[in-house]
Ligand code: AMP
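Before any questions on how it binds or moves, here is one chain, the form predicted alone, in structure tokens.
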């Protein structure tokens, strides 16, 4: 089969790697891809937001399947567009993708279907939002109602921090903002919970813990993700049952009532308190860096799994996993998530070899001739599989130190909640 994967990050490199292992795979195109995907696929410099251009390439190359990695083209309706042209594509349609495209859309579903979540208020102006926070109980959370790559969320400890967040969002830091969401702060531990769906049935697809804060000890600004581990220490049979019954199933019930068939990954960001789940937000694709952490543990043929979803045959597909644990640590450019330099050469990468326990997935990288340069804030993802999170973290840190990229930094405490030093 000829397969096109849209996106350029670490998630897309992981997806490409998993697809490349299938015997059914003939050729993979990554649009636009990165320096890592270039080793196992053909990169193509096309704008993934230009649907006509993408379709012309798919038609010309007779692509059999399209897999959409990032959220923006999903929210903008690329799946609807391609399906109307009889292209097989893995990912949810535009209306379903509003689960990520609008936090307010999701909150209203929570309200209607009694899905446990934080209490919230919706405000359409700075004036009313500021009036609310002047009498609010802190801490509270201020969220932009747009796609913000994991960064449009502010945990505010006082009114000054809340006012700053309100001003930045309404001033367009994350794009045009007509509304803002302010909600109570939920105290507990976060967990990423994934399911995969074919439109009729869904199956659980692992759990993970992401580290969003840039600083060690989970301090500092929010990022796209500094590292993750799989599985979450919080998951157990009782909790999984509650998540499915109280959160996932009611959400699919809501989509069914909208006459929407959800095909793709659904990623629930949860807060767990006293073994009770609360929905923080939904993403309508695999997480990043959770995807890089989860896929190396998959024993089943990933392409067969995707095809089972596009053909509505997931009910008969058995998903098998390795018994080990997995961890990912992200190597970032110095200054991320604020100002950072790009186009910095990364040497010594040829010394790193993937094997059954160690993986290197590129994120913000690009090729110039035979050399690899940085092209983003999150640059490289180092993954290790073992029987111990402690061992995985130590093995990854050794690899990063061996690379010795002096323009990068990383968190040395990924997994600190599950590792007893």
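Keep in mind the model is a prediction, meaning the values are calculated, not measured. Numbering follows the first chain given and starts at 1.
There is another form of this protein, the form predicted together with the ligand, and it is not shown here; the text below is about that form.
Visitor: Picking from 89-97, 252-260, 276-284, 232-240, which part of the chain touches the ligand in the predicted complex when contact means heavy atoms within 4.5 Å?
Guide: Going through the listed ranges, the match is 276-284.
Visitor: Of 130, 349, 186, 319, which residue is found within 4.5 angstroms of the ligand in the predicted complex when only non-hydrogen atoms are counted?
Guide: Going through each option in turn, the one that passes is 186.
Visitor: In the predicted complex, which of the listed residues (177, 118, 214, 122) lies with a heavy atom within 4.5 Å of the ligand?
Guide: Answer to the contact question: 118.
Visitor: Within a 4.5 Å heavy atom cut-off, is residue 141 in contact with the ligand in the predicted complex?
Guide: Close contact exists here: in the predicted complex, residue 141 approaches the ligand to within 4.5 Å, heavy atoms only.
Visitor: Taking heavy atoms and a 4.5 Å cut-off, does residue 344 contact the ligand in the predicted complex?
Guide: Answer no; every heavy atom of residue 344 is more than 4.5 Å from the ligand in the predicted complex.
Visitor: Is residue 190 a contact residue for the ligand in the predicted complex, using a 4.5 Å heavy atom cut-off?
Guide: Answer yes; at least one heavy atom of residue 190 falls within 4.5 Å of the ligand in the predicted complex.
Visitor: Quick check on residue 153: any heavy atom within 4.5 Å of the ligand in the predicted complex?
Guide: It does: once the ligand is placed as it appears in the predicted complex, residue 153 has a heavy atom within 4.5 Å of it.
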